[in-house]
Every structure is written in structure tokens, then in C-alpha cells.
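This document starts with one chain, in the form predicted on its own, laid out as C-alpha cells.
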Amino acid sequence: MKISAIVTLKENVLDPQGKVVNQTLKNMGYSNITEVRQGKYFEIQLNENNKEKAKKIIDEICKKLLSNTIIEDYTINIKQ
């Protein structure tokens, strides 16, 4: 089973990298962009057929390794 996890900074956490990308895009002429937030994307191949069990495993992995839950949120997407 293929699962993706998207980790992003929480809304109230400053994102200096996103601000740099936003300013660079404006300098390139993309004046209609109002905000950019950066994040991390993971694709994980898991040898598990039970969706609920797979989601629980990836949730643990996100909490323990892939994200800093104090400043980041994450979303899990299961692909068959």
C-alpha cells in the first residue's frame, strides 16, 4: 500500500523559507501571489492491506519522526 504524508508548519508558526519564496516570486513578476508556505512530502510503501492499520502505523511514524508536532501539522493520504 502506498501512503503519502504531507507535513506543514502550523498556521501561526513563522515560515521564513516560504516568505523568501513568496518575495522571489513577486520579484519575478508574479504579483498576484499573496502567501507561500513550505512543507515536506513523503511517499511510503507499506506492506499492509488493512487501511486502518496502515493509517495507524503512518500516524505513529509522523508523530515520532517525520514531524515536530509542536510546530507542524501533517496529513495522511492512502493510495491503493
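Residue positions are given as counts along the sequence shown, with the first one as 1. Note that this is a predicted model, so its numbers are computed, not measured.
In what follows, reference is made to the form predicted together with another copy of the chain, a form of this protein that is not presented.
Visitor: Does N50 reach another copy of the chain in the predicted bound form, with heavy atoms at most 4.5 Å apart?
Guide: Residue-level check for N50: no, no contact with another copy of the chain.
Visitor: Check whether K55 has any heavy atom within 4.5 Å of a heavy atom of another copy of the chain in the predicted bound form, and answer yes or no.
Guide: The answer is no: K55 has no heavy atom within 4.5 Å of another copy of the chain.
Visitor: Does at least one non-hydrogen atom of I6 fall within 4.5 angstroms of another copy of the chain in the predicted bound form?
Guide: Judged by the heavy-atom cut-off of 4.5 Å, I6 is in contact with another copy of the chain in the predicted bound form.
Visitor: Would you mind checking 24-38 for residues with a heavy atom within 4.5 Å of another copy of the chain in the predicted bound form?
Guide: Going through 24-38 in order - heavy atoms within 4.5 Å of another copy of the chain in the predicted bound form - the hits are T24, L25, M28, Y30, N32, I33, T34, E35, V36, R37, Q38.
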